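Shown next as structure tokens: one chain only, the form predicted alone.
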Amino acid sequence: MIIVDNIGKAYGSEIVVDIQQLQINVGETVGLVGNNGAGKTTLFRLLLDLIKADRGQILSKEKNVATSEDWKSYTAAYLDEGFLIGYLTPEEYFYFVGKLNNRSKADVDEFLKTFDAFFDGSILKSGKYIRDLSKGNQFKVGIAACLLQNPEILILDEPFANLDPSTQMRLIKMLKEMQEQKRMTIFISSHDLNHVTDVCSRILLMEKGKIIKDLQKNEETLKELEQYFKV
């Protein structure tokens, strides 16, 4: 579904992404791990055509993401609060996203009922603008808005970082169910090796812009990753 072909990105003399070949298949749940500065977020921004590559191309369903808009109709992503509209309330934002995806207000309301546990009473009817929510609650809004789009591809950058433990567990369960029930292709980055190996069937280890390990998860994957990052 996604092919990364000889993609490169540098800022000045610093190479931040340098990937010769990478293929993400339909229905895979792929985790991207690496230390700060490894190039994970930059790769996601290239996948979403938020920045331009210095060389190479990224294909989504055989269409170049830099020259086609087709991929946007089936791709949803949340990287940071910049993906939200801070001066709207969560409800206003959900209705806005729903309208963009031809979903009625009633349809959006019905969809949001399935997020009662995930929201934990802190999102809807709070009277707050999105910009005034905590980082964790902003992420909850972001992930719900992604799923409201019913995407085939979901990209999440550090989804567990600002969530409390209960919400992390709910998110893990949700991601697993989406992959199993909808064969959604999910691409996430995380510093939490336990969570990423729990959720993902394939792990990519990134260092200095390169994919240095491509692991199909097995019972030894977590130990292998922990050994790599061990100081």
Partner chain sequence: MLFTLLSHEWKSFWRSRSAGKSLAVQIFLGFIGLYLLMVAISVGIFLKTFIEKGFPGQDTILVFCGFILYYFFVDILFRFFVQELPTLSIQPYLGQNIRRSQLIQFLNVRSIFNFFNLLPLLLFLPFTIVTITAKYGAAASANFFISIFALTLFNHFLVLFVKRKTIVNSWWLVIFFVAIAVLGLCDYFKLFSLSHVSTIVFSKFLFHPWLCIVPIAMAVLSYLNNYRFLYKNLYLEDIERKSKRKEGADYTFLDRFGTIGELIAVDVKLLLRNKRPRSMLILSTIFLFYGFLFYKPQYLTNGDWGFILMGAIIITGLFIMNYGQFLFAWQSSHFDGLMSSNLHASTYIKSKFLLLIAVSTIIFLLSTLYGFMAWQIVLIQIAAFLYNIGINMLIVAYFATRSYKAIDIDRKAAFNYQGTSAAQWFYMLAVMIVPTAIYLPFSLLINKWAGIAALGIAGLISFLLQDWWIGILTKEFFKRKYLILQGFREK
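Residue numbers count along the first chain shown, from 1. On a predicted model such as this, the values are computed, not experimentally measured, just so you know.
Missing here is the form predicted together with the partner chain; even so, the following discussion is about that form.
- Stretch 62-70 is the answer when you ask which of 26-34, 62-70, 186-194, 173-181 has residues with heavy atoms within 4.5 Å of the partner chain in the predicted bound form.
- By the criterion of a heavy atom within 4.5 Å, F111 is excluded from the residues contacting the partner chain in the predicted bound form.
- When contacts are judged by a 4.5 Å heavy atom cut-off, L48 counts as touching the partner chain in the predicted bound form.
- Under a 4.5 angstroms non-hydrogen atom cutoff, the partner chain in the predicted bound form lacks Q138 among its neighbouring residues.
- At the 4.5 Å threshold, heavy atoms of L84 reach the partner chain in the predicted bound form.
- Taking a 4.5 Å heavy atom cutoff to the partner chain in the predicted bound form, none of the residues in 179-215 make contact.
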